[in-house]
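Shown next as structure tokens: one chain only, the form predicted alone.
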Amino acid sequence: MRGALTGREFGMGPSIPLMISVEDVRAAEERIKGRVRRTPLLEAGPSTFFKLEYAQHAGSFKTRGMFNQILAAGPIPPAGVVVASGGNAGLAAAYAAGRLGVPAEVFVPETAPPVKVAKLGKLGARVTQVGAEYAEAAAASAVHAEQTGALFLHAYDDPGMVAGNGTLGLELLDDLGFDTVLVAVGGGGLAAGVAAALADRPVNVVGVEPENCPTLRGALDAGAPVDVPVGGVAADSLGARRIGLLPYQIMVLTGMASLLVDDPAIVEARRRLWDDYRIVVEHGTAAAYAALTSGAYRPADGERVVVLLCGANTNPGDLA
């Protein structure tokens, strides 16, 4: 785990128009209204709040982006939709496609958690397991889309996906006055969407990522998205090999900071969410909370911090 970041020590990026505007996020909000849950906030301390997005349909925030991506695409081809996923994007796509009455095929790595694969089947999706990590499943899904004409849905690097995810940020603005949002980063679609939604507000969005999957940190260090090693306890949900180009551009323009947390800190944060609040989340989701519990992020006095708890498609058996 690298050095700690203290609250309010970083600022917004340059005043350059975003590729995804607040207006795009508001349009997504209208498009998906009535199809997604408005998830609650939980006060976890005097100045700490949890956004309980893990209670979203299909168990993660990605349902917002998938509904928006499909609805914004216009007529859907007879072959339906196809997506590659470590699990959550596939579950969200399968749920959205099922509600919209279109076929869905989901490509997942052979390492995808059985709990996610089983749920995909229950949602009516056809599941194909390919390769050892997300990038291999993504390549296979792109070939399938080209061969069949199915609409390819990207798990994170797509304007519709990013804008749909950003609707979570608009909910926060309606529900709470706050200073900082801590959000886990994998491919970057959630953090970028929230940053876009909050771009015109004096709010800091801080990306938190596992040391073993540092897509944002790798890109910031290199000046562009680059491949990074993928491994560790959170790889099933934060295991993108590189950050999406669109999310990266939004993160740079909004001056987003990157914090790294190690696997022991993630495991401990997940356990504490269960022990202290009876909240069951994925390791990737717990990474955001690990920024606080490990001291990687230290809020300033009076700083109001929201931790996005974004997914709960996990096996809770190891929390007993």
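All residue numbers refer to positions in the sequence shown, first residue = 1. If you're wondering where the values come from, they're calculated on a predicted model, not measured in any experiment.
Omitted here: the form predicted together with another copy of the chain. The next part is about that form.
Exercise for the section: Scan V280, V252, A27, V267 and let me know which has any heavy atom within 4.5 Å of another copy of the chain in the model of the complex. Expected result: So the residue touching another copy of the chain in the model of the complex, by this definition, is V280.
Practice task
Would you kindly say which of H154, K119, R241, H144 lies with a heavy atom within 4.5 Å of another copy of the chain in the model of the complex?
Solution key: Contact with another copy of the chain in the model of the complex is made by K119 alone.
Exercise for the section: Considering another copy of the chain in the model of the complex, find the one stretch among 257-265, 66-74, 38-46, 291-299 with heavy atoms no farther than 4.5 Å from it. Expected result: Heavy-atom contact with the partner occurs in 38-46.
Problem - Touches another copy of the chain in the model of the complex: L52 (any heavy atom, 4.5 Å) - result: Yes, L52 sits close enough to another copy of the chain in the model of the complex that at least one of its heavy atoms falls within 4.5 Å.
Problem - Exercise: A312 in contact with another copy of the chain in the model of the complex, heavy atom 4.5 Å - result: Answer yes; at least one heavy atom of A312 falls within 4.5 Å of another copy of the chain in the model of the complex.
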